[in-house]
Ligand SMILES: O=C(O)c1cc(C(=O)O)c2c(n1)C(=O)C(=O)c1cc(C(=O)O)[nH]c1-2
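Shown here is one chain on its own, the form predicted alone, set out as structure tokens.
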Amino acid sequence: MNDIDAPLREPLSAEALEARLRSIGEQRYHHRHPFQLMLQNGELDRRQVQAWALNRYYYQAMIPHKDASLIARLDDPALRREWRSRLVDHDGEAEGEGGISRWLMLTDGLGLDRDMVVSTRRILPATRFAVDAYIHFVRERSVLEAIASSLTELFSPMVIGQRVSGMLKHYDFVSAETLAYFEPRLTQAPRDADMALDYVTRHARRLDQQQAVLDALIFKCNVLWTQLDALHHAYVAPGHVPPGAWSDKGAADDR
């Protein structure tokens, strides 16, 4: 058993708790997943990149649902105002703005039919199950656990930089414009992570609270890892696409 998997025996200082959280990210975040490495190293074909963008859209589109459900549970107006910026980041202030619209620029640029993407009817079952599990977790667990589950944003800038530079280098079917989603996240994610980390380290004082926080981050890492597992299984090896999921074969069914 890795140290990060061992249950806590006594409460940690705020500094030690942060260090433990960062260790979880280093070992469990999806920057180590084979599909992510293939994506950034130019080892996927166009179809596989399309499948990634299509399935990842469901995660992006559900983030505002997750954040709105959390805001509804917050008693502190200042915290609600702080968390509200995440809704604006994804939904924008007007039509055509925000992260979800920028993700659709990516799927458009990859040649996917927008109506099919937005419908989410052709995503992998495991994608839907994993993302829905995350939404339910945030709605049903304590506010402390819900906020802690967002701490994967501590590690996302590292992956974003590698992903964007690698994709631009290796794939002639993407451009800086089609990857426009990622640039704002380089500043948004650290801002959000700092706020969530400050909340968690200030409010998780008891042993049970700290263990719950660690478990919440592990759960979220598992959500992200599971999505890439499903993509790898369906579109890389062994290549078993589930019934009803998108395939470039029979494209007429995807419109």
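In case it trips you up, residue 1 is the first one in the sequence shown, and so on. Quick caveat, the model's predicted, so the values are computed rather than measured.
Keep in mind the form predicted in complex with the ligand is missing from the figure; the text below concerns it.
- Contact check for 29, 63 and 150: all three have a heavy atom within 4.5 Å of the ligand in the model of the complex.
- Partner contact region in the model of the complex: 181-189, out of 125-133, 181-189, 106-114, 167-175, criterion any non-hydrogen atom within 4.5 Å of the ligand.
- In the model of the complex, the ligand lies within 4.5 Å of some heavy atom of residue 163.
- Of the heavy atoms in residue 224, some are within 4.5 Å of the ligand in the model of the complex.
- Though the partner is left out of this view, residue 33 does not reach within 4.5 Å of the ligand in the model of the complex, counting heavy atoms only.
- Not displayed here, the ligand is kept clear of residue 100 by more than 4.5 Å at the level of heavy atoms in the model of the complex.
- Using a 4.5 Å cut-off on any heavy atom, the residues of 82-103 that reach the ligand in the model of the complex are, in sequence order, 86, 90.
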